[in-house]
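Coming up is one lone chain in structure tokens, specifically the form predicted on its own.
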């Protein structure tokens, strides 16, 4: 990876007087295998490499990218970024970050054995998972899809202002979608396992999770409408926590489209809720030593025992807000300029197990999946209304399965109404981790 950083530093050194240049280089591979009924349905493998270059001059920023790392392509991309800067509008807060002195965390996110794992092994892993799901319960009718996926990538960044960064990581997963049935009824659910190398995957857990979740929904009916406590399983709470990451973006606040604007220091959640974005936690799928502007990643406390502590910022949004970057710059890849985003968002876990949380709430709706999350949540007003399925909990024990329900409240009331936070943190292939989360009351619209 040293040659990638040397190349980035060399190109950054081409900066002219009166301009700042940032060079972001990346390369990587990814593979996906899908199997169906004992046969390979698809196998894709892709390798990519490219550069994204930013030029800032007189408060104007230009960006350009190239899908190659040869000198001719980099020279042309730099000139294109310069040209684009000339057409941009000058703004006082535009500028590249300077080194802030923060020490990078020491993270081991790379596994050599993933690179050595052959395509035949990936196919075998997907086929093995399909067999495990099919054998998991006589009510499993078919495995709609069994998948292997992996990614290995590295980046290097250098700027004419002295920022340098390198990072690399591997990740892989297996997942399956199981279809359970009785008579004319069928129910679908998925299970998965994630890791940084093949040896870290747990196919038994992935298969068992898919089978259990599909089978327990058999016989699901639309329940009577009610107001009742709601418990979110970890993979559902992860989606909700991910939404919080977007409304806690300093960029969203500056645009006036965050329900948390102007509320720093106020109680916005129950005292048992502390929300953190910590890319230095190696368990997180989005763990990283550096952000995508080259600043050392750090643990950012956003909600502290219910009190709003702050927002996430990259260098541009921080300047505009009159504060400092939280090293929260993210990119979709070398083809995009950086923006603000969370990498490893999670609620600090409590001490209760999933079963203990259910026992605490007594009677509730246990939600195992939601639909319409992005269309049903308003980031400005906080209104929350989504489709859900799961099981009714009676006396602390899961009971009758339910479907075709709508649960509604507001993000503000839900955060204030958190009555239990589980200890079962589940790291998913996303920017947020989940855990069992119990809300005191929501509206459930059914029959």
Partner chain sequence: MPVTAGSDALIDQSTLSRALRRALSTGAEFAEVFAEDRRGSVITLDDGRIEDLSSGRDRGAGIRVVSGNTTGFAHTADLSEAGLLAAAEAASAAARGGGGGVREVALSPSTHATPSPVGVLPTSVPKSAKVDLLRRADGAARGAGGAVRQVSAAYRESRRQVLVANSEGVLATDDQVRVRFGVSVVANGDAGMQTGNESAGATMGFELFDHHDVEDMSRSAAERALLKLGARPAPSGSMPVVIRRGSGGVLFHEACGHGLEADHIAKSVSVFTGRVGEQVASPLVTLVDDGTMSHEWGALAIDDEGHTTSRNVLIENGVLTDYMWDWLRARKEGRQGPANGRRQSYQHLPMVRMTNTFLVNGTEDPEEIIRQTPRGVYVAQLGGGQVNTATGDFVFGMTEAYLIEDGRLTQPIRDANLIGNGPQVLADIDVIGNDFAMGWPGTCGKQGQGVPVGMGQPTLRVKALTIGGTAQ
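Numbering follows the first chain given and starts at 1. Fair warning: this is a prediction, and the values are worked out from it, not measured in the lab. Between two forms, the rigid core is defined as the largest C-alpha subset superposing within 1.5 Å.
If you look for the form predicted together with its partner chain, you will not find it shown, but the lines that follow are about it.
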Contact at 173, 349 and 425 by its partner chain in the model of the complex, all three, heavy atom at most 4.5 Å: no
Stretch in contact in the model of the complex with its partner chain, which is absent here, among 241-249, 223-231, 325-333, 152-160 (heavy atoms within 4.5 Å): 223-231
Contact residue in the model of the complex, chosen from 105, 142, 282, 307 - any heavy atom within 4.5 Å of its partner chain: 142
Candidate from 321, 267, 179, 98 lying within 4.5 Å of its partner chain in the model of the complex - any heavy atom: 179
Distance check, residue 110 to its partner chain in the model of the complex, heavy atom within 4.5 Å: no
Distance check, residue 116 to its partner chain in the model of the complex, heavy atom within 4.5 Å: no
Partner proximity in the model of the complex: residue 138 to its partner chain, non-hydrogen atom cutoff 4.5 Å: no
In the model of the complex, residue 257 touching its partner chain (heavy atom, 4.5 Å): yes
Partner contacts in the model of the complex for 39-58 (non-hydrogen atom within 4.5 angstroms of its partner chain): 39, 40, 41, 42, 43, 44, 45, 46, 47, 48
Large Cα shift (2 Å or above) at residue 103 between the shown form and the other one, core-fitted: no
Displaced residue check between the shown form and the other one: residue 254, CA, 2 Å or over, core reference: yes
Rigid core superposed: residue 76 CA moves 2 Å or more between the shown form and the other one: yes
